[in-house]
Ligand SMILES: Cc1ncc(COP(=O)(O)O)c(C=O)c1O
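Next up: just one chain, as structure tokens, the form predicted on its own.
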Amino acid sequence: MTPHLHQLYPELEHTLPHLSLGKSPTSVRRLTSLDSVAADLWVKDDSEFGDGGWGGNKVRKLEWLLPDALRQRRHTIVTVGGLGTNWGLATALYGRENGLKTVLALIDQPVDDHVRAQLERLRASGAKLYFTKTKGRTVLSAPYILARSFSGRRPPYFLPAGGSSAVGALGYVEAALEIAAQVRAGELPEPTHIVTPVGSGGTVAGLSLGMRLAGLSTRVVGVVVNDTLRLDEPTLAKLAARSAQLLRDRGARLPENITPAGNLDIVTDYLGSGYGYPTPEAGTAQTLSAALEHLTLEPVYTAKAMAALLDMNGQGRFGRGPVIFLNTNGPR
């Protein structure tokens, strides 16, 4: 299927390559057992996105990042994540399938059964692992890791945590266009809000820009689940603006009045003790979502975002909605 961005801006087809890694659109459905308090709640389930049982928001980003690395004739990707990084694992697996090696700098996070299982998958993925432990040691180690990752004279393709670069955020510009198409097709009503976790920022930045390009007034509500990165509204609005400028630089004729800011709300009240630390509210949201809606969440990202949605809905923060919960859950 032709990417929505290439449909909207055909001039990008030769300047901004895309690699299809999943089937779209992902499904939308009403959460009938969870929306009785106030707003009409829906889910867009991006856990379905990706081939071979590997889904989530990381794969949408990789559809643009991997071909960009190949366009630059890079052979190795260097990136960073926590010990249980879904991002790093998705990069290693999809990169390997497309002839790219992956090098990961791994930062400590609370270790539970999920993290232990992820580490085993990471070791089996073929990625080169550096256990840098802290953000500070990762920064200090970066020149060494990058130097060791050259392929001949070719430098590695460096990606920030979560693939949240101007290129990576395009995955969720496209997801916003997909939502707009589902609204036009009558699959769901136009949402007043879309709620999703913020781990590195690329998803909400892309949605913020994409909703503007799609002509929707939907507000993007990002629930911060990571305290190791700067993830405030000005920072993420700047990332959205860089994606808009990238599209213009590659030839897209974006409307002059498109300003990817003002439709983004960042909430920080549901982080708990820090990145990777569970909260009782997230545990309850995870249990309710599974029991009542057959929706699989995980404790680090999506359960905290669902806890925020349910709490904010109970406070009447969304009015009558409708509100979309974007499930970005990764490998399953």
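Because the structure is predicted, anything quoted here is derived from the model rather than measured. For every residue, the number given is its place in the sequence shown, counted from 1.
What comes next is about the form predicted in complex with the ligand, which is not displayed.
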- Only hit among Glu293, Glu63, Glu298, Asp68 for heavy atom within 4.5 Å of the ligand in the predicted bound form is Glu298
- Message: For a quick test of understanding: in the predicted bound form, does each of Ser164, Val198 and Thr328 have a heavy atom within 4.5 Å of the ligand?
- Response: yes
- Among 141 to 149, 243 to 251, 175 to 183, 84 to 92, which stretch sits within 4.5 Å of the ligand in the predicted bound form, heavy atoms only? 84 to 92
- Non-hydrogen atom contact Thr203 with the ligand in the predicted bound form at 4.5 angstroms: yes
